[in-house]
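Just one chain follows, in the form predicted alone, and it is written as C-alpha cells.
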C-alpha cells in the first residue's frame, strides 16, 4: 500500500489529507509515482472532474501513465522529473483564473515544491489539497552550506554538498520546500551514530 501514517510531530511539519473533488472551473493535478493512485481514486469519485482537469505526472519509474491518460483529462503532461516539469507548472499557474482547484499528491518533495510554486502564484497554502503517497524520503536543506539533498532516507545522513554529517530534523520550511538538517557531530567531530532508516 502506498499510504503512510506519519507520526505526530512539531507544528511546522506538513500534515497531509485525502484528495476530495471540489467545485471549480479548472482543476490542476500534480503527482509523482504512486501519487497517481490518489488521482485515480479522485476520478472514481467524480468522473466529470476530468473534463476540466490538467494532470501533470512524473512517473519516477512507475507505470501509471496509461491509466491516467485513460481518464481523458482536458490536458495531460508526463515529465521525466520535477525540474523538467516546473516550467509547465509555472505556465499553468500564471495563466490560471479565479476558482482554480489545486491537487498535489505523491512524495513530500514533489508536493512541497509544487505547493511553493502555487503559493508564489498567489494561491494560499490552505486552499491547496495534498495527499501523501509512496516514498517517505525527505528533501533536506543543510543549515550550514544551504545545499539541498534530495531523497534522504536515513538519519543521520551526509550532506551531498559540504559533506557534513547531518541530523534529520522535523523542522520544515515552506519557502524552501525542505526539512532542515543540522551537523550532528559539531561538538565532537567523528562521533556519529549509525544511520537508521527514517520512521523505523
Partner chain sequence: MTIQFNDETFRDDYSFHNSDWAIKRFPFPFHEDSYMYAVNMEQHRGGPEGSVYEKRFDVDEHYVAEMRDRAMVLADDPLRCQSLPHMTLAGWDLLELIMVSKSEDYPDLFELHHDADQWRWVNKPLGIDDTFTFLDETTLPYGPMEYITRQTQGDFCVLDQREENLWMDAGMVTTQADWSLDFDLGMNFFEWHAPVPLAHEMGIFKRALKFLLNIQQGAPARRMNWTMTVNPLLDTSPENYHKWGIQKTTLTPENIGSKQHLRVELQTFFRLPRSNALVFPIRCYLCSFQDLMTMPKWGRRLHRVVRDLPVELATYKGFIDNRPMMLDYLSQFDDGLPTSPGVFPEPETEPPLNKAG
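Residue numbers count along the first chain shown, from 1. Computed from a prediction, not measured in an experiment: that's the story for all the values here.
Although not depicted, the form predicted in complex with its partner chain is the subject of the following passage.
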### Query
In terms of non-hydrogen atoms within 4.5 angstroms, which of the given stretches 136-144, 152-160, 47-55, 64-72 touches its partner chain in the predicted complex?
136-144
### Task
Verify the flagged residues 84, 88 and 100 against its partner chain in the predicted complex: is each one within 4.5 Å by a non-hydrogen atom?
no
### Task
Indicate whether its partner chain has at least one heavy atom within 4.5 Å of a heavy atom of residue 15 in the predicted complex.
no
### Query
Should residue 178 be classed as touching its partner chain in the predicted complex when contacts are defined as heavy atoms within 4.5 Å?
yes
### Task
Indicate whether residue 192 is a 4.5 Å heavy atom neighbour of its partner chain in the predicted complex.
no
### Query
Should residue 164 be counted as a contact of its partner chain in the predicted complex, where contact means heavy atoms within 4.5 Å?
yes
## Note on the structure
Applying a 4.5 angstroms cut-off on non-hydrogen atoms, the residues of 163-200 near its partner chain in the predicted complex are 164, 169, 171, 172, 173, 174, 175, 176, 178, 179, 180, 182, 183, 186, 187, 189
